[in-house]
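Only one chain is given next, in structure tokens, and it is the form predicted alone.
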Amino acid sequence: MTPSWPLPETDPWSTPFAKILMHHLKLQPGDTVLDIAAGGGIPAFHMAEQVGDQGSVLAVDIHQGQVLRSRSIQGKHMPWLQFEVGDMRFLPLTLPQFDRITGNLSFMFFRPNRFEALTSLIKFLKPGGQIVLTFPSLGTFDSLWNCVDEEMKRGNYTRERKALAEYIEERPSATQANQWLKELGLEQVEVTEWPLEIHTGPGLNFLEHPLLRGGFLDDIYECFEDQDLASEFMCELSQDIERFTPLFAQRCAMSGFLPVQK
């Protein structure tokens, strides 16, 4: 029996973002798709099923372990789906153009030169083709960042507070995404934000939360040169999470179409 490849309901982070990607993506049977920063294949497997054997999906990720894991899951199914190791910022010029370019939770990895990376990516889009990227936009976990800033100010952590401000300032916003797509000449530009509440508890439940520690709480630790001091700061912060909960991520989807050449 041939398996089906829906978006997995057991993934609490990639799937909620993939759902809004698929909401915006105008995918047709037979389409060719480039999926960047494909990770564990959410939503590459699902898209491959949608385009069928007359289409193709090339899923690229910089981490070889992710690619090997995805290939293992795929086995001999859907041979028109291909997982390859590659850096989305430096794709080979020999790649063809695609009907659709997608990236789930990818845009945040374009830093520090997001506009330049986006410009390079658009070169692989066919005229009339669509690009859809999702990412946690500026505003994600603002209640937490505000609380951390207040505690840093109260504790006179001047250097650490400056580092935190620089991190927050660097994060992409929905407004920037809209502006950049329009600057690149894309049409039917649409950028939307959908809130996602992240549930957690105090203490280690917060400090080791898989969605928070991986990439978000780590950024707070990186503001400190002294990691023992960082641990002390975070342990104290974690005891009273009511100061910053509920926690909301802003799921942002940016979409646009390359004009058909006349």
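Please read these numbers as outputs of a predicted model, since none were measured by experiment. Each residue number is its position in the shown sequence, starting from 1.
Omitted from view is the form predicted in complex with a small molecule, to which the following refers.
Here is the short version: of 105, 191, 164, 101, the single residue with a heavy atom within 4.5 Å of the small molecule in the predicted complex is 105.
Just one of 150, 187, 169, 87 comes within 4.5 Å of the small molecule in the predicted complex, counting any heavy atom, and that one is 87. In the predicted complex, at least one heavy atom of residue 61 sits within 4.5 Å of the small molecule. Contact check for residue 38: a non-hydrogen atom falls within 4.5 Å of the small molecule in the predicted complex. Interface residue remark: residue 238 is not counted as part of the site for the small molecule in the predicted complex, having no heavy atom within 4.5 Å.
Contact annotation for residue 42: at least one heavy atom lies within 4.5 Å of the small molecule in the predicted complex. For the small molecule in the predicted complex, the listed stretch (63-71, 230-238, 196-204, 216-224) containing residues with heavy atoms inside 4.5 Å is 63-71.
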